[in-house]
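Just one chain is shown here, as structure tokens, and it is the form predicted alone.
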């Protein structure tokens, strides 16, 4: 590979798009590298961890020529490019097992590995269904549920997000067994019912890469894989093979205790109370009486925080405990100015919804305090 007068951002931008999945330490050293390819007047950068593969095309055209490819250490290359002036022009010269990168009077020799040895995920040719969604809507859908995904749970199917396509809607659900987040969006068209579980890492990368605009994102559901194409990016991911819990059985209905709260007010109130919560159990008591909601946290040092809010409530009294982190998570991730808290009895889960959206539900299980 021989490139001259390449704008710094022509390499840095696609590199930044893919480098999030590069592991610092991996049993396969070549996976610490990215694959840089020149073909048909375009430059592309690919990274993979054998579960996910992201390819980003550069916005900058390069001279036409024979297709060439080289691998470069992802972190070092990214750090070098960031450290160069914004208007730097690069030259890249591959020489056997080394690549010489020049910018002005700066020169860097980087170790390379054979491009032919770089492992690739081959996308399945068996297409099951294709859906198009505006990037802004897909990103918002993920942000409403992703925080409820499990982390390193032995129930591997919880370490991800359930995506359900059915007729004219797309539903996203995540749960760690203690709380559940559910959101949906309307689709244009009529699709067959399909469910896939996206790995946690895939969801987090998509949340970073999807743009805040209405440009389309194309979702291709393949056999044991899913592919997202948007802008200059293509992401191919394996899906989790497992049976996701029946979320419809978890979401409560028929509750009669409802209070509407200013989201920022209840968030700041709980953040103050959480300072004195038990560091291990993170419990909070919600005491609901006529016209009043008390938020009480205590710890093993006999310290206690009590906050009281005036609320429009006239029903039966209720004293119920929750993990305050689970409540803070949802309050920080919702963009709604108001939320609705709904309760059953002291042994029932709480339901959090938004007044302006009937397609969002958050369920959190109670805990004994």
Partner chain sequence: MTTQRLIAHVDMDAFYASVELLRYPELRGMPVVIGGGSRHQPVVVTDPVTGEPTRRFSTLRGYAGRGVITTATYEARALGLHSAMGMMKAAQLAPDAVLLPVDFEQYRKYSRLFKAAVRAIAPLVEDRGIDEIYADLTDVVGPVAEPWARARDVAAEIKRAVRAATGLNCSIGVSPNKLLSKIASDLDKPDGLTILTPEDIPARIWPLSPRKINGIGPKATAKLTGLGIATIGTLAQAEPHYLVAQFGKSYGAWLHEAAHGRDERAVVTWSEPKSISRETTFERDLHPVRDRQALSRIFTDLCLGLTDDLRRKGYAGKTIGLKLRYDDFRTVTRDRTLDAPTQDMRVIRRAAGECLKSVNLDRKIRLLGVRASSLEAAGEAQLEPNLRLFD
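Remember, predicted model here, so these are calculated numbers, not experimental data. Numbering follows the first chain given and starts at 1.
Below, we refer to the form predicted together with the partner chain, which is not included among the displayed structures.
Segments offered: 237-245, 286-294, 139-147, 89-97. Contacting the partner chain in the predicted bound form at heavy atom distances within 4.5 Å is 237-245. Screening 262, 153, 195, 220 for any heavy atom within 4.5 Å of the partner chain in the predicted bound form leaves a single hit, 153. With the partner omitted here, the residue from 114, 85, 177, 189 that has a non-hydrogen atom within 4.5 angstroms of the partner chain in the predicted bound form is 177. The closest heavy atom approach of residue 323 to the partner chain in the predicted bound form falls within 4.5 Å. Contact check for residue 123: no non-hydrogen atom falls within 4.5 Å of the partner chain in the predicted bound form. Shown alone here, residue 368 lies within 4.5 Å of the partner chain in the predicted bound form, counting heavy atoms only. The partner chain in the predicted bound form comes within 4.5 Å of no heavy atom belonging to residue 108. Shown here without its partner, the chain carries 250, 281 and 363, all of which come within 4.5 Å of the partner chain in the predicted bound form through at least one heavy atom.
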